[in-house]
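Given next, in structure tokens, is a single chain: the form predicted alone.
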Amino acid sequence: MPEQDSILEGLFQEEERLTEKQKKIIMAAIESFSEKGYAATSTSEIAKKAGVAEGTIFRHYKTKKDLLMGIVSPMMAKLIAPFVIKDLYKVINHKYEHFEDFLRAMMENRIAFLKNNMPLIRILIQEIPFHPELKEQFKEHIAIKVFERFVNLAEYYQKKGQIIDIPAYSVVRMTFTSIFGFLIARYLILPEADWDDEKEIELTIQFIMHGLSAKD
């Protein structure tokens, strides 16, 4: 699988107006927010990590919340959404012959994406529940578009007789819950555990297939 570019690299290419100090501040903030969470991170800590005076942060961002939104908002609209959707559509548009093959390809695709963008994904997962603005942006730019495509895909495999006849949105919900439950546990909650990735991926796929496969 070819190496994917990171979203952060895309941001710096997109936002050419960013100064070197701003880039250092953003990188330090991402690292700190990812490791400790937004609430537990101080601007003085970010400044120290970025090698700038704390006042420099406030010249660019009025508050710590502005710094968070200044990182996440443009990434969500300009980079994360197109990046996620374009990359995911490579799998969705392939129209694999079997639902099981699609599941395997999607898991490989999302693992590569997570590995290349771990700090930002961690921030999104941690902060979206506590910031309504981020939740709305996520729904607008990613969730709704992706969900609709997955519903269509579920209906495609149902017509082929490979998935049981239940509402397509339920198929999507059950599939997402299983796959992203594994990914979050593996890469965000318990990355230090002794994982057998190949085995766990296969078990996750078989768990989904056992529940959704149409029985002859």
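Keep in mind the model is a prediction, meaning the values are calculated, not measured. So that the term is clear: the rigid core is the largest set of C-alpha atoms that superpose within 1.5 Å between two forms. Residue numbers run from 1 along the displayed sequence.
Beyond the structure shown, there is the form predicted together with the DNA, which is absent from this document and is the topic of what follows.
Enquirer: Report yes if any heavy atom of G55 sits within 4.5 Å of a heavy atom of the DNA in the model of the complex; otherwise report no.
Expert: Because a heavy atom of G55 falls inside 4.5 Å of the DNA in the model of the complex, the answer is yes.
Enquirer: Does the DNA get within 4.5 angstroms of any non-hydrogen atom of T43 in the model of the complex?
Expert: Yes - in the model of the complex, heavy atoms of T43 and the DNA come within 4.5 Å of each other.
Enquirer: Is there any non-hydrogen atom of R149 lying within 4.5 Å of the DNA in the model of the complex?
Expert: Result no; R149 lies far from the DNA in the model of the complex.
Enquirer: Although the partner isn't part of this model, could you tell me whether T177 comes within 4.5 Å of the DNA in the model of the complex, counting any heavy atom of the residue?
Expert: Heavy-atom contact with the DNA at 4.5 Å: absent for T177.
Enquirer: Which is the contacting stretch out of 60-68, 155-163, 182-190, 168-176, given heavy atoms within 4.5 Å of the DNA in the model of the complex?
Expert: Only one stretch passes the 4.5 Å heavy-atom test: 60-68.
Enquirer: Using a 4.5 Å heavy atom cutoff, which residues in 20-35 contact the DNA in the model of the complex? It's fine if the answer is none.
Expert: The one in contact is K21.
Enquirer: Align on the rigid core first; then say whether the Cα of E31 has moved by at least 2 Å between the shown form and the other one.
Expert: No, the C-alpha moves less than 2 Å.
Enquirer: Inspect the rigid-core superposition and answer whether the C-alpha of G161 shifts by 2 angstroms or more between the shown form and the other one.
Expert: No, the C-alpha moves less than 2 Å.
Enquirer: Taking the rigid core as the reference frame, is the Cα of T43 displaced by 2 Å or more between the shown form and the other one?
Expert: Superposed on the core, T43 moves its C-alpha 2 Å or more between the shown form and the other one.
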